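Listed next as structure tokens is one chain, alone, in the form predicted alone.
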């Protein structure tokens, strides 16, 4: 299948990043969100990223202009009717995602591929609400999308070989590296990453060390570019908690039990960098 026209649903940090890399790779992109304000915030993020790339000599001013010209915003999901590929990047909530996929199944042409950027939820369950489960697949981009090379491609139970190959080829056109994984809670990335972050939080909760000390140990001792608690703040503590709950429910294993301190911070509204406070305070 020749994919040319793409819609990205959700203009937040992930959605805007996904829209940017598609537009930079010569795709025509519709960026969709429920409010005009969210769309303008998303476009602002993209322009900021592109301006930084121009300043650093990674792209030219002409390439930046071309990228922006290939981007269109819309608050109407009905505009997905002519798209070859739709990528959902809304909040990590199964009820909201399945509602979006039901709508897309009715709106889009029969041959269109529907992809989810979910970081932990089962693709098979999302696909089951559509009449085209063979054309539903997971495309889990890493944050920040314009920088990170990996895309986890998750096949649901019914995902066809043709759909997988089309998404694999598309991912390569984005100058990203596709890695195929099976449909298990957390896939590979978050099944490995989130328990590490959760254990780092337990180390603070149990008084083993301060957040600063935990992060220093992992940076200097394990050569991690960023400490796990700084990373948790960057991801969003609410997102970390939600993924841990998906893992805990999906596997039923106590090793995935979210740390009580993580729950406390989320209830307090200390969600990390986006809220101005998490394990660290941000200006």
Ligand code: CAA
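Numbering follows the first chain given and starts at 1. All values derive from a computational prediction rather than experimental measurement.
What follows is about the form predicted together with the named molecule, which we do not show.
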Indicate whether residue 188 is a 4.5 Å heavy atom neighbour of the named molecule in the predicted bound form. no
Applying a 4.5 Å heavy atom distance criterion, does residue 251 contact the named molecule in the predicted bound form? no
With heavy atoms only and a cut-off of 4.5 Å, decide whether residue 222 touches the named molecule in the predicted bound form. no
Even though the named molecule is not shown here, does residue 49 get within 4.5 Å of it in the predicted bound form, heavy atoms only? yes
146, 235 and 243 all contacting the named molecule in the predicted bound form, non-hydrogen atom within 4.5 Å: yes
Among the candidate residues 77, 179, 166, 193, which is the single one with a non-hydrogen atom no more than 4.5 Å from the named molecule in the predicted bound form? 193
Tell me, out of 159, 108, 170, 119, which residue has a non-hydrogen atom within 4.5 angstroms of the named molecule in the predicted bound form. 119
For the named molecule in the predicted bound form, the stretch among 24 to 32, 227 to 235, 66 to 74, 251 to 259 with residues bearing a heavy atom within 4.5 Å is 227 to 235
Of the residues spanning 54 to 70, the ones with some heavy atom within 4.5 Å of the named molecule in the predicted bound form are 56, 58
